Structures are given as C-alpha cells and as structure tokens.
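Next up: just one chain, as structure tokens, the form predicted on its own.
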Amino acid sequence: MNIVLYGGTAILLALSFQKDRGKSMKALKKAWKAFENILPQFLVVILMVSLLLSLLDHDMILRIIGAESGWLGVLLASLVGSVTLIPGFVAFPTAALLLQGGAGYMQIAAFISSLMMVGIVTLPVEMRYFGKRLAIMRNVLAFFFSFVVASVIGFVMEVLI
C-alpha cells in the first residue's frame, strides 16, 4: 500500500512540475517548512510513547488498556485522552504504536475520540469564547460520546475478527 501511495505522489509531483515548475517548488518549500514545524512535536510524542512501551511490558499494557481491561480500560483511556493535548497527526501514529503494544481497539478508540473532542487543557480558553455552561456541556457530551465511539468500534472489530 505504501508503494502505491508513494508512487502516486511521485507521479502527481512530476505532473505538477511539468505544468508549473515555480509553483511546484514553492509548494515543496511550504511543505518542508510545515514538516520542520511538526517534526519536534512528533518526535517528542513518539519518543515518550516508545519510552512508555519499553518501560511497561506487554502484560502491563494488556492489563491497563488491553482488550481484556474492558470498560475500566476504556474509562482510563478516555480520561488520559481528555487531559492530553496532542495534535491529530501525532495521535494516530501513537495509537498505532499502542495497538502494536497490545492495547485494545475499544480502548484506543476511546483514547483517540476523547483526545480529539474533549479539551480539559483548553477548557479555560473555550469558556472565554463560548461561555462556561456551553464549554462544559460540550466537553461532557464529547466525553460520553467517546464511549459511544468505543462501543461502535468494539462491535465492528468483534464482527470483523
């Protein structure tokens, strides 16, 4: 699959260069600048997750957020996701690493959905713009929705496996 994606990207880039070399170079420079801005955050989170995976053995991960941890693992993953501030481009590779480390699909679904939708860290800013009541209500509903997402993912993965 990666070969297809890289190949398609190379072909489209070649077509872009053929059409307008200047715009293509400008776009590549912008992409490189964005990559340079993203890379430090990405490396820190990947390093932290790798360190965590090396410190916790496979059995520990399975007990905390493995498929066997059940709804307690979903709750723990949702709580961690709610208070963590990680951009999406870092969250999904992190989830893949956790899955490879033995985490369960429901637990990762709860972690990612609460990470993306609940913002405990950003709550003060949200309250300033939307008001206290709306900000809290939105975050509470998003937190509970992460359990809905976990349930759906759990059901789908159970059917597929």
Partner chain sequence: MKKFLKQFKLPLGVALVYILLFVFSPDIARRSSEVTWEYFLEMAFILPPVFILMGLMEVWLPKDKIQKWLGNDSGLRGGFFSLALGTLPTGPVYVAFPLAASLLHKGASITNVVIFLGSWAALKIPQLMVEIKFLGLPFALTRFALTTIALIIMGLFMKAMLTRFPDKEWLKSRENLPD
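Given the structure is predicted, the values throughout are model-derived calculations rather than measurements. Positions refer to the first chain, counted from 1.
Not on display, but discussed next: the form predicted in complex with the partner chain.
P93 belongs to the set of residues with a heavy atom inside 4.5 Å of the partner chain in the predicted bound form. Taking non-hydrogen atoms only, I112 approaches the partner chain to within 4.5 angstroms in the predicted bound form. Taking the partner from elsewhere, K132 is found to have a heavy atom lying within 4.5 Å of the partner chain in the predicted bound form. Among residues of the shown chain, I108 is one whose heavy atoms approach the partner chain to within 4.5 Å in the predicted bound form.
Using a 4.5 angstroms heavy atom cutoff to the partner chain in the predicted bound form, none of V80, A103 and V159 count as contacting. The partner is not shown here, but in the predicted bound form the stretch 12-31 reaches within 4.5 angstroms of the partner chain through a heavy atom at L12, L13, S16, K19, D20, K23, K26, A27, L28, K30, A31.
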